[in-house]
Ligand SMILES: Cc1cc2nc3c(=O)[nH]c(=O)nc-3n(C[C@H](O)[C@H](O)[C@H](O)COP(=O)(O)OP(=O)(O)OC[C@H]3O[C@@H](n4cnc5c(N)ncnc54)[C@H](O)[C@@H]3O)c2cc1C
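The chain below stands alone and is given in structure tokens; this is the form predicted on its own.
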Amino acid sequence: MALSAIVIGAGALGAATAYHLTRRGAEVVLVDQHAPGSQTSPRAAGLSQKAASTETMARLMIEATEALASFEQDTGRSIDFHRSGSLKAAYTEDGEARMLADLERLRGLGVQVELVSSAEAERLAPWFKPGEARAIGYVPSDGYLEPSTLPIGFMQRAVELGARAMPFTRVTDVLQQDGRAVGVATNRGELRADIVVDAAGAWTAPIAARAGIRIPLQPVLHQLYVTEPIADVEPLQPVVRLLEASVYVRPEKGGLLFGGYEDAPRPVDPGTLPSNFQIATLELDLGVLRSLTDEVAAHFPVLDNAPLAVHRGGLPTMTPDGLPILGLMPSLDGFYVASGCNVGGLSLSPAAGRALADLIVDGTSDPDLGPLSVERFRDGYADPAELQAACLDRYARRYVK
């Protein structure tokens, strides 16, 4: 008899997990309190990079980037992926050391990486003025995608393979029997299954709490803007990241997309939000982005007074160590979590969904997801104020944490 699974949340992580479980032969129901792929995922920047601070994460990011590059070929659906490459510039000794360590980790995993001059970086991205960078790393195989297309693509492919999608279905409880999750209660009735996956984004922790499980997560407002078209911006120019300023810029529809990680991020408690809340109604603050833009004006002068076409934001979930939470909850058999995206869940989702599905079906995964288990927080962050402070610290100037 086939394994049955309920996946809560049809953003990128949930939809990817549903797809990979279905591909492995599971009978999957994908539920979401809103329309699939309509909340934080489509408001992401769509950046995909292979560099990461640990080998586990680097292996997952390498796999995910290649899966994004082949997504159309594998699924028949375009996600508008651009193999643009990426540049990362460091301006301090600590930033340089961190970047070189990440590049060396990638090199050891077989990824082509280069150090380029300021002149070469500007040739690759003419709107970027590197100035006196200590080092600029270049990964030609990195890229970016249109974020709104990915969760929908995964969900549609899962349905084609036999999964059932239930949009506008709000989970009100996690059903338990003999120390095991056996389904969920919803506003449309009960659903029973062998396993439950909590991939509910900003609502991950509240759903887990209904099962008596504490998940150390903090939703945080993250914003970006897109300018109107700018001369000489081309789609295959690389993504540019400045480490110390913790900002990113990439081409988008003839203009430039700009986002970053401010010093004083704004936490959001989903428990205070009304039941009909949608991310589209989230109160944004363009002043945060204006301040970051002013800070790096010498590096991106083309952004000075550039008319804006889009200003958007979402509620990514941060963890105290900046790594995702993927795996089984030890206190409740059959209950898994895929969350703690740390403003990178969209680009991680193809590999995270595959690895988690393997763990669920086979009891093991490659790479081993043990380092990403919630168990690493077993003895810490019981105090909500301590948890929030640690998560906000991980967000602020994220590229140098």
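In this text, residue numbers run from 1 along the sequence as written. A quick note: this is a predicted structure, and the numbers were derived from the prediction, not measured.
One more form of this protein should be noted, the form predicted together with the ligand, which is absent from this view; the next part is about it.
Only one segment in the set 328 to 336, 51 to 59, 24 to 32, 355 to 363 has residues whose heavy atoms sit within 4.5 Å of the ligand in the predicted bound form; it is 24 to 32.
Although the partner is absent here, residue 343 lies within 4.5 Å of the ligand in the predicted bound form, judged by heavy atoms. Of the heavy atoms in residue 222, some are within 4.5 Å of the ligand in the predicted bound form.
Contact check for residue 227: every heavy atom lies farther than 4.5 Å from the ligand in the predicted bound form. Shown alone here, residue 8 lies within 4.5 Å of the ligand in the predicted bound form, counting heavy atoms only. Listed residues 313, 216, 255, 153 were compared with the ligand in the predicted bound form; 313 is the one with a heavy atom within 4.5 Å.
Scanning 165 to 196 for heavy atoms within 4.5 Å of the ligand in the predicted bound form gives 169, 170, 171 in sequence order.
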